[in-house]
Each structure stands twice: as C-alpha cells, then as structure tokens.
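Below you will find one chain, with nothing else, as structure tokens; this is the form predicted alone, and questions on how it binds or moves follow later.
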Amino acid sequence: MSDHLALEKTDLKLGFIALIDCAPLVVAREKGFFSKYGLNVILCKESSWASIRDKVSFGLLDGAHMLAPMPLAATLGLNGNKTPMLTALTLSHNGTAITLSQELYLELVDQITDWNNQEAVGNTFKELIQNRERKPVIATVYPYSNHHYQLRYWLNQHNINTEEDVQLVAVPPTQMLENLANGLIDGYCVGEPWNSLALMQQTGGLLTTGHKIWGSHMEKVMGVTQKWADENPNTHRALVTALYEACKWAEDATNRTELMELLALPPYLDHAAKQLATFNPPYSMEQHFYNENLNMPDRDHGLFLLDQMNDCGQLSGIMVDKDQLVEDVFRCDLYKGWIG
C-alpha cells in the first residue's frame, strides 16, 4: 500500500467456517498476501453461521467468510441483531450439492437411468419419499443461505411440498456428515468437502449440485459491517486486495496440491481436506475462486436471493426497496475502485 493510504487497523480477526471455500482466507494468511498489504490477521474458526453473524455484528470479529445472503439478512435484521453489512468481494462461486443418505440414494439408483434428466430424478424422488412411512429429514446449514434456498427451489421445482413432504432442519456444516452417518438426517445441502466426504466414506450419494440447480452463482463473500467499513476504508481496501490476489492463487490449477495441504493444516479443515486431494466427484461442483467477472459482487444474484427470501416467507411484513438494498450491500463501486 502507498504511504498516503495509512491503515486505520493492522491487526484483524476474521471468522471462517471449515469449508473448502474458506480457501482465500487461508491462502492470504499462509502465502503472505495479508502481510504484503500490511495486515496481521488471525483467522478464527467458528462453529456455525449464526456465530459468524453475531461476532461480526458485535465487533468481536472485524469481518468474515460469509454466505452470500448473510449480509442481506443481517442488514434487514432477519433472525438476529439488525446490523447493516456489506461486501466488496465475492470469494467463490458454486461448490454446493444435495447429498442423500446411502439408504435413500440406493433406493433411487435402482430407478434412475439418466441423472442428468433432472425432471425424471425429481419425479422419482417425489414418488420414493411419498411412499415412505416417515418424511425424510433434510438439513441445510442456515436459514439465510444459498443451500436453504437451493434445496427449497429444487423441491418446489418437482412439486415436492417443503412443509408436508419433507422436514427441513438446520445443522452446522461440520456436523452434517456425522448426523447423516448416524441416521439423524436423511440428506443435506451443504458446501464442500462434506458432499465428497460422504461419497468417499460411502455414507451418502449425490442427488444434484447447486450449479445444476442455479448455474454459476455467488456462494461466499467477504462480509464486514457498514460501520467497520466506514471507520476503516484503507484497511478494508487492503483486506479486499489481499483476498483478491489469494483468490487468483487458489484458482490456479498448478497450486491445487499445495492448496489442499494448506487447508489440511489443523487450524483449518484438518484431515478433511487431505482426503480430497485426488478425489473427483461424479458430478463437478464447479467450485471457483476467480475469473474475470467472478469476484465482483453480483447484484443480479442479490435480487434473486431477495426473491428466494420472499418466496419462503422470510420477508413477510417487511417493506424492502430491493434495488437500494442490493446496491448498499453488494458494493460493486468499491470493487471497481480498488480492483478495477
């Protein structure tokens, strides 16, 4: 950073959840991108997205790896303290999937000849669950997540009633696999590595991927409060610039082996990432950290997310100027000014 951009803060605490898409934060710390821009960063592994929301809201964390809908939900005060938040950087696209228990998956396998025919898959799944004695319990990570909206979107697309045909619950990402293995849930929609690990351990099978449901979409963002951004503009710029460079590094295929080694360090994903180094799931998750247009916050997707919130009743009774809200939360102007 040049001298005239003196940093308001140099010591930062950033939160993350143990998922593959926390990679830009891990890379920025371990490969020196933070220090390059004068930042001394401690990465804090959190147990749940609610913990991330609360700690950023109350200033216990300077910012965090967040689900793309989280800054919108926090700004609206949905299910928590009303705290205006924003993002000036998309950290990743895609990388989610719906995984079923091995029992449920094997029942489907016998009847599906073409898994790319989503209409046939959906119709068969509907028939299967309606003939079961109890409705399946399917978990998502947080009510204000792409995962929650994707799952509901896919079920609704196939005329599966989200209130009557299935039971939806929230489970933190790191507890998904154990809950699936123990039969406490019958499926989940979550980010990597928890889908691939279920396949590798033969605990479950893939129903579909988030990319198949929605195409390429913003998944994780770097979130901070509006107050923090206002008080620390130069630090914010340094943070976004360092993470942007880390995103480029993480996307480079020649760095794949080292990336998995970094993620497998005990403070991050520990052994979970090591197992993925040579594994390719049957359907690509299309997880990406960088391309020419990926890292600028996507306002169109922001509007789409607000529509999903509305469709599942989360905006009931709330007056929202959707265009203004998305402009305030997804700060393309900052991205363009800092990254170009």
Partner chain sequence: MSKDKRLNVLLIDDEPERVEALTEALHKLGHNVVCHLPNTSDLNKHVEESLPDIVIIDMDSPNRDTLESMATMSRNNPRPIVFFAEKQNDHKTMSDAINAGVSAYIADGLQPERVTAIIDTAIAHFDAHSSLKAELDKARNQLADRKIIEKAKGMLMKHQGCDEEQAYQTLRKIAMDRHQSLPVVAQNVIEALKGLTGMGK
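Positions refer to the first chain, counted from 1. Just so you know, these numbers come straight off a predicted model, no measurement behind them.
The form predicted in complex with its partner chain is left out here; the points below concern that form.
Contact with its partner chain in the predicted bound form, judged by any heavy atom within 4.5 Å, is made by just one of P84, P143, G122, G205: P143. Among the residues Q175, Q201, N234, N117, the one placing a heavy atom within 4.5 Å of its partner chain in the predicted bound form is Q175. For its partner chain in the predicted bound form, the listed stretch (241 to 249, 164 to 172, 95 to 103, 122 to 130) containing residues with heavy atoms inside 4.5 Å is 164 to 172. At the 4.5 Å threshold, heavy atoms of K13 reach its partner chain in the predicted bound form. Its partner chain is not shown here, and in the predicted bound form it never comes within 4.5 Å of any heavy atom of Q111.
In the predicted bound form, S216 stays away from its partner chain, with no heavy atom inside 4.5 Å.
Its partner chain in the predicted bound form comes within 4.5 Å of a heavy atom belonging to R53. Although the partner is absent from the chain shown here, V41, S48 and G77 each have a heavy atom within 4.5 Å of its partner chain in the predicted bound form. Contacts of stretch 249 to 269 with its partner chain in the predicted bound form, defined by any heavy atom lying within 4.5 Å, are made by L265, P266, P267, Y268, listed in sequence order.
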